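As structure tokens, one chain now follows by itself in the form predicted on its own.
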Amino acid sequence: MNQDTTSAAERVGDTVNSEYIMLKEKIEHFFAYEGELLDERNFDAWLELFAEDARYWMPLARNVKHNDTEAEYTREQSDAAWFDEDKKTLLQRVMQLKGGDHWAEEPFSRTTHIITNIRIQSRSETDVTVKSRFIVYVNRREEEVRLFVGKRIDVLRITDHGFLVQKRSIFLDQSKLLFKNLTTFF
């Protein structure tokens, strides 16, 4: 049974219960650790944070009229997407990066992942759904700089050993990709 943990009081910042705070703190720690693994190019350890049945999806953004916001992003499993992957394809991308076979990541980019505005949307005995915002700074060679900004919705599976990413939906705040490739993990 899903339970919305965000009360009206929490939305306006009046009262937040200690259980919510402790869970949010664990999630913040998890996301900080995950970002550090990516920034240190420890892709194998990063991939271990994903469930075997994980889904990693980034839709395309569209410019839509004010009354058509439902169509702002392409639909999951119906339309095109920047990423629509499972753990197996993420592993293939990691192997490409590590093997030096990925021309867009030779030499490796330097990255900094910042995750903020973390809000728990719902939780059950087995998982927790979390909304957040991200900024990913990427520098490659001397002058190539990319900045990705957007929001994520993560479904984290609760295990005896901590969280596993069960599903990650990534929404970029740009309708046109402003860079020549999209090799960064979010």
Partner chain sequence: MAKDKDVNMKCNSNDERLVDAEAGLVDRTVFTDQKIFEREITEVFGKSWLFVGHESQIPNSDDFFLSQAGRDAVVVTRDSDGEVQVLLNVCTHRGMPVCRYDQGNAKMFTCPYHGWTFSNKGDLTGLPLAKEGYCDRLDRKQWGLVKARVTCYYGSIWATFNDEVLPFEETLGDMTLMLRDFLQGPDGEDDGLEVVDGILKFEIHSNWKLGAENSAGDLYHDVSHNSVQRVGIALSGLRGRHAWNADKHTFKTLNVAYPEGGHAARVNLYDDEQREYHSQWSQIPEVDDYFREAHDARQKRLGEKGRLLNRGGIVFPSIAYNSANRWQITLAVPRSPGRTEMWKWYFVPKKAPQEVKDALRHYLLRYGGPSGMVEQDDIENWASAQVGAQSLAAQHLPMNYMLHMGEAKWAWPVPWLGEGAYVDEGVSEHAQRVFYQRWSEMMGHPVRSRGQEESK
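Note that the structure is a prediction, hence the values are computed from the model and not measured. Residue numbers count along the first chain shown, from 1.
Not pictured, yet referred to below: the form predicted in complex with the partner chain.
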### Message
Looking at heavy atoms inside 4.5 Å, which stretch does the partner chain contact in the model of the complex, given the options 114 to 122, 60 to 68, 154 to 162, 34 to 42?
### Response
60 to 68
### Message
Contact with the partner chain in the model of the complex for residue 21, defined as at least one heavy atom pair within 4.5 Å: yes or no?
### Response
no
#### Entry: Contact label in the model of the complex: residue 178 to the partner chain, heavy atom within 4.5 Å
yes
### Message
Can you tell me if residue 133 lies within 4.5 angstroms of the partner chain in the model of the complex, counting non-hydrogen atoms only?
### Response
no
### Query
Does the 4.5 Å heavy atom contact test between residue 102 and the partner chain in the model of the complex come out positive?
yes
### Task
Can you tell me which bits of 87 to 120 touch the partner chain in the model of the complex, meaning any heavy atom within 4.5 Å?
88, 89, 92, 93, 95, 96, 99, 101, 102, 103, 104
